[in-house]
Ligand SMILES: C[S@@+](CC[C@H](N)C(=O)[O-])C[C@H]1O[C@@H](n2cnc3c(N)ncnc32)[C@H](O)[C@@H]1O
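The chain below stands alone, shown as structure tokens; this is the form predicted on its own.
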Amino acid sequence: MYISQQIAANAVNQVLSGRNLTLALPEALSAFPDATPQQRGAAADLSYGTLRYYGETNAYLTCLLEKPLTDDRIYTLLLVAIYQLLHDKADAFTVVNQAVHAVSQFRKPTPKQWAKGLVNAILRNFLRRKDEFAAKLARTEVATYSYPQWWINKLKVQYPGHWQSILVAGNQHPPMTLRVNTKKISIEEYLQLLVRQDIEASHIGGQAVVLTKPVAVEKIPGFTDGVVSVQDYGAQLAAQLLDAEAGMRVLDACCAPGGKTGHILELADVQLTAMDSDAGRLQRVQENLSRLQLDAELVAADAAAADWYDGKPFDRILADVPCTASGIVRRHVDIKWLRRETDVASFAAQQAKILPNLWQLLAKGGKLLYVTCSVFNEENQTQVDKFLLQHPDAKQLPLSVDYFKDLTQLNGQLIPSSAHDGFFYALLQKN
């Protein structure tokens, strides 16, 4: 276990220094090339778990320290161990002993004996005084919900009836949801295929099937053949709400990694242009389309510019704009601690450039679906309202109630739940 603790502490340390976990974890793992698959998997779990509950674990550690720790490696190792003691099923004394051993493996300049004694004393003190600290921290929202205070405050104002459930949902483990390509197989046939593979699952709506227990992607029946894809249920609403029909000219802007791109093509035979500003990310889109045996024109371009545009208007545009990703934090636990309150305004300014630019490319009578994976109003309906005031040729259409059956949503904002992430949708039509 100590190797997994070391890897996780390294990854968490990088994130708290400002690095994305998607980059930090592979680098931390690379330092232990001989780690077993079990150790690597445990390290990933510890990294995600520690960051998921960082507000809580950091609050406990602050209570335990008489003075600030100057060694970040020891600090993050203690965070990982406290997370285990609070949320893991591992034996408490085993966790402590392994953490003591882990710190002894740190390279200089850490004095090993001093560090071992410190880690041992702090963690054993935690075990003795956990209930005392828990009572104290119950009055602290950052410790209770494990979000930055500014984030909590914003949701309180914007969602007075839902803020707590949004925070709780964001700390849950996301389900593994599949999107069935009904061009190749029916929902019923695919569920039967899963039964034959002893995989429990249920149909939750549309083309979405949720697995009772996650399985490795390569073990999902039909995945490599393009029969199914992995995609959140909330994200699957995009292609359906876009309402594209055969023969239409469609633009999928900001398309990477291509989940919605593939879904649009699975639902209708359209002429699809998939655009993203990052040419490297477009390679991921192409890989997804190749697996699905689908084709689209891929364009590396800025959605806020039109220098790539050939002058032919689009019948449908999916504007899946860059955002804070505040609605998908259960999948990207580092976002809570990497984002700053000023980032909300920064993303909103970027969106305010993209939306009017894409609007110019839409045919008269055409529809544009504005999408974010955010729960902050500034990026969502407030953004749309400002756009409508400046564009009299635009009107916001009601969203089909059928697609939102059994889902909690407020004017196009999906409230994050155990079944789906927190996406926002606004369907606009050009007069």
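Note that the structure is a prediction, hence the values are computed from the model and not measured. One rule holds for the numbers: they count along the sequence shown, beginning at 1.
FYI, the form predicted in complex with this ligand isn't displayed, but the following is about it.
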Worksheet item: Among 319-327, 333-341, 159-167, 183-191, which stretch sits within 4.5 Å of this ligand in the predicted complex, heavy atoms only?
Response: 319-327
Discussion item. Please tell me whether any heavy atom belonging to V250 falls inside 4.5 Å of a heavy atom of this ligand, as the geometry stands in the predicted complex.
Written reply: no
Discussion item. Does any part of A303 reach within 4.5 Å of this ligand in the predicted complex? Heavy atoms only, please.
Written reply: yes
Worksheet entry | Distance check, G234 to this ligand in the predicted complex, heavy atom within 4.5 Å | no
Worksheet item: With the cut-off set at 4.5 Å between non-hydrogen atoms, does H173 touch this ligand in the predicted complex?
Response: no
Worksheet item: Are V215, E218 and G222 jointly within 4.5 Å of this ligand in the predicted complex, each by at least one heavy atom?
Response: no
Worksheet item: Between the options R281, R124, H87, K136, which residue brings a heavy atom to within 4.5 Å of this ligand in the predicted complex?
Response: R281
Practice prompt. May I ask you to choose, among V103, A244, M275, L265, the residue with a heavy atom within 4.5 Å of this ligand in the predicted complex?
Written response: M275
Worksheet item: Taking heavy atoms and a 4.5 Å limit, what residues of 244-264 are near this ligand in the predicted complex?
Response: C254, C255, A256, P257, G258, G259, K260
